[in-house]
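Let's start with one chain on its own, the form predicted alone, as structure tokens.
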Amino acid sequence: MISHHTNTEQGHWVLAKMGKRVLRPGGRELTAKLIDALDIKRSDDVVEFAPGMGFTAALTLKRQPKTYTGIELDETAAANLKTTISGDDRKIINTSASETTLDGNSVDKVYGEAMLTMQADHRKSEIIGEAFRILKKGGLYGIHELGLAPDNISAETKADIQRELAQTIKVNARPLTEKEWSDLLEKEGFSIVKIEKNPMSLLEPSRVINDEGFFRALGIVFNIATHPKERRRIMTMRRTFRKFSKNLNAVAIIAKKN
């Protein structure tokens, strides 16, 4: 069912209702690099922050980790995930990533995508600190977030981007530069292991086809064409992404708990 509140709904849910499954800023390619770099093994206890529609969870579960726990704050998303992710040692907890209820030093790998960007800086630190708390020594934490470039981007340009993103995607998005993301992780006790980047071309035709496949992409185009309110929202989002294309990217970072 298509929402009647499209003008106030968060952009990623508008896209999801049009059939888009891959909603991460760096696309399927950067998500795959993140999961590869985490090197998830059958002996690993894995936690995902904000699994959303479960696209990355499916990639993780293909690797058959010892346990998988999804921490999802959105009640509807959590309920949907519980219908698709079930079985022994697979669970979804409807709670905040900053208060997972999990034991300290209890898991091997933690990751989250496109969720820290949506938080104020102090909330980012709380979530990163929770990842550090629940990880075992030597455990890995992976993030895939919206980035800003270059590292010396002006405060004025950053403010312009944040303001226009808030207006178009209806989320108070606060992306950071590669250095700022790294500094935030290191401040909470992590050391940086690896950094990967991709263009932020979430709504460009070539990225949509690559992420979704040709026939699903056609279906998304049809849905957008036949829903005028959603089409206007999505076209506005794409114009904003294009306007700031030189300053927006996607960053994936693997960090280690020492």
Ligand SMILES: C[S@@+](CC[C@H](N)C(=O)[O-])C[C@H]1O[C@@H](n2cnc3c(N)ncnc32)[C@H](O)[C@@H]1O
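Given the structure is predicted, the values throughout are model-derived calculations rather than measurements. When you see a residue number, it is the position in the sequence shown, counting from 1.
Another form, the form predicted together with this ligand, is not on view; read the next lines as being about it.
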Checklist outcome for this item: Of 224-232, 43-51, 185-193, 60-68, the segment with heavy atoms within 4.5 Å of this ligand in the model of the complex is residues 43-51
Next on the checklist: Each of E178, M200 and S245 within 4.5 Å of this ligand in the model of the complex, by any heavy atom, yes or no?
Outcome noted: no
Next on the checklist: My question is simply whether L23 lines the interface with this ligand in the model of the complex - judged by any non-hydrogen atom within 4.5 Å.
Outcome noted: yes
Checklist entry - Does any heavy atom of A114 come within 4.5 Å of a heavy atom of this ligand in the model of the complex? => result yes
Next on the checklist: Check I143 for me: does it contact this ligand in the model of the complex (non-hydrogen atoms, 4.5 angstroms)?
Outcome noted: no
Next on the checklist: Can you tell me if E72 lies within 4.5 angstroms of this ligand in the model of the complex, counting non-hydrogen atoms only?
Outcome noted: yes
Checklist entry - Which pick from Q119, S125, S106, N80 sits with a heavy atom within 4.5 Å of this ligand in the model of the complex? => result Q119
Checklist entry - Which listed residue (L135, A97, I92, L165) meets the criterion of a heavy atom within 4.5 Å of this ligand in the model of the complex? => result A97
